[in-house]
Each structure stands twice: as C-alpha cells, then as structure tokens.
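Next up is one chain by itself, shown in structure tokens, the form predicted on its own.
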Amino acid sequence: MEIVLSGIRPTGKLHLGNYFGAVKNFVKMQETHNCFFFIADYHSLTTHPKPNDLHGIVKQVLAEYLAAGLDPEKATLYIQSDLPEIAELYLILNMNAYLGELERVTTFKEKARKQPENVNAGLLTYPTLMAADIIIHKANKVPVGKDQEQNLEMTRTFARRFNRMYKEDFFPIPQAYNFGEQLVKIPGLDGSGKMGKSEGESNAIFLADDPKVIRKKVMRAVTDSGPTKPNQEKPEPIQNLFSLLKVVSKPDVVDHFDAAYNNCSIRYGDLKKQLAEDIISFTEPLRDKILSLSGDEVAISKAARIGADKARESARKTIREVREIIGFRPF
C-alpha cells in the first residue's frame, strides 16, 4: 500500500478552500492508503511564536482536522514535535546539504527579502526538515502545492544523495501526488484568486466562523453593477460567488440565481443573503464538532497520543536503520 504524507501548517485554520480542496480528499484517502498527516510545529519556530500561542494553535488545528473527518484509527495524525527522530534525521540530512543549493531555494529567497530582520537558519534549512518529515516514514507520495514543488524536488535530491553516499537503496524517491479533477478550487471573497488566510481574513470563510461573521464577510464580497445584456459571460467576481453557491446550495437555488443573472433581473443582495445562509447551514455541523473537540481535553489528548505512538513506531525503525547504515553502532 502506498504511503502518503502531508504536512499541516499550524498557522492555518481550516476554511472552505482547503476543506473542499485537500481535506475532503484526505478523508477519502485514509480508506485506501497508508496516510500520515502531521501538524508542522517545528517549522513554525522560524516565526518565533510564544509558547502559549503555539500550544493553543496546535490544539485548535488538531480539533479542526478531527472534526473535518480525519480518523486517528485509520490514518496516522500526529504532532511533528512528538517525534524526536525527525530532529535527528534533520541533523543528519543537514550534514549532506550544501549552502549554495539551500540559498537558491525560491521560498528562502522570498522570506529573506520580506523579513530581512529574521533570516534564521531554520528558514535556510527548511528543505532538509521537510525532507526529514517525508522520508522518516519512507513516503511514496506527497500532496504539495505549487509553492512547495521545489522543496519536494530537494527531498528527492537528499534521498538519492543518502542512498548514493552509503551505497544503499534505502530511501524511496517520493513523488508529488496530484488530486487532479478531484481537487475542488474554492475562490475567495475578494473577487479574484483562491480562498486563503494569506490573502486576508476577510477573504476566507473558516469552518469555525460564527454565523454573524459569515454573514458580514459574504455581504462584503466583491460584485459589480450587474449584467447589462441577457446571457452575458459572468466576470470573475460574480463567477466566484456562483462557484461558492454550487458547493453549498441546492441545485434549484443555483438555477434560480443563474436564470436571474441571464435575464438581467438578479439582485446581488439577495444572492449574498442566500449564499450566507447556505454556508452557515453547511458549516454548522462542522463548527459544532470543532467547538466540542476544542473543549474536550481528553479527546484531543487521546488523538495526539494515538498518532504519536503510530508515528514513532515508523520513525524509530527508520532511524535505527539509518544509524546502522551510517556507522553509529553500539560498542
């Protein structure tokens, strides 16, 4: 069975974009693949979070992904820092990573340009930590976005380099996993691009958003002055609203507003009100689960413990074999 691994950014609350995008596919994949999902709290240290903030964010993200359908009994869902083996493999890979290749990484150059006051070693060696995350479990497939493709290529480089240096066909060479047509792209509320926190809090509908917040965000969504002739093509901001409508509303609701647009009688205020209520109805059961889990210390601790135990079993085996290959042997 293929091993699939994906990291979860601890800064990212779940919104409709990543729920319909990756997470629903993760829920399906856990039935057919050997899946490892981890909350990347080591990675977050490059931004120097405060201890209480870091702990609270990790807890919230864990609660949200559990509420969205990831099952600790079916997949391995764990917190990165619960595996000290990752830090050991990270150190080993750093010994065989070179300054020039790390400095050429696009994401490092962008970070260094945007935050010149905090160009730390963790940013520079992000690709080696990402590689350790992946090959510690000998993953075959890694779902990655465009911004991480270069880092995945470097993971392949480090895996090949280790195999070549020690003349062992030990680490598999991981490939990008493409969801293809299964990946639903959800637009943002700002009239262009995709939904995401990086584009601004008001651009995204988060699963834990209160109904009042959802109504406020949707009513502020970008529109235009309306169609001027029958059956004209919808501009991007309006098409985005219809795209959202299609994933949360009943088909007859979509048909009603589509017909109103085509005959130039549409009232965007009515469309937004309907869209807001349909989003609230859709997210309500997820929001209730998130709130329930966030307040249930026992359930959260149990899920984290189950995930850590399963992940450690895999990681310890890999590190034990890596140490033997390198020459770290007891006397």
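As the structure is a prediction and not an experimental result, all values here were calculated from the model. Numbering starts at 1 and follows the sequence shown.
Not on display, but discussed next: the form predicted in complex with tryptophan (TRP).
Note on the partner interface in the predicted bound form: the residue among Y126, Y90, F170, F179 having a heavy atom within 4.5 angstroms of tryptophan (TRP) is Y126.
V142 is the sole member of L207, V142, A204, L244 with a non-hydrogen atom within 4.5 Å of tryptophan (TRP) in the predicted bound form. For the chain shown alone, Y65 is not a contact residue for tryptophan (TRP) in the predicted bound form, no non-hydrogen atom being within 4.5 angstroms.
Mapping the unseen interface onto this chain, M130 counts among the residues with a heavy atom inside 4.5 Å of tryptophan (TRP) in the predicted bound form. Although the partner is absent from this view, Q150 stays clear of tryptophan (TRP) in the predicted bound form, with no non-hydrogen atom inside 4.5 angstroms. Among heavy atoms of L77, none comes within 4.5 Å of tryptophan (TRP) in the predicted bound form.
With the partner left out here, tryptophan (TRP) still marks one of 97 to 105, 131 to 139, 211 to 219, 235 to 243 in the predicted bound form; by a 4.5 Å heavy atom cut-off that stretch is 131 to 139.
In this stretch, 229 to 268, not one residue has a heavy atom within 4.5 Å of tryptophan (TRP) in the predicted bound form; the partner itself is omitted from this view.
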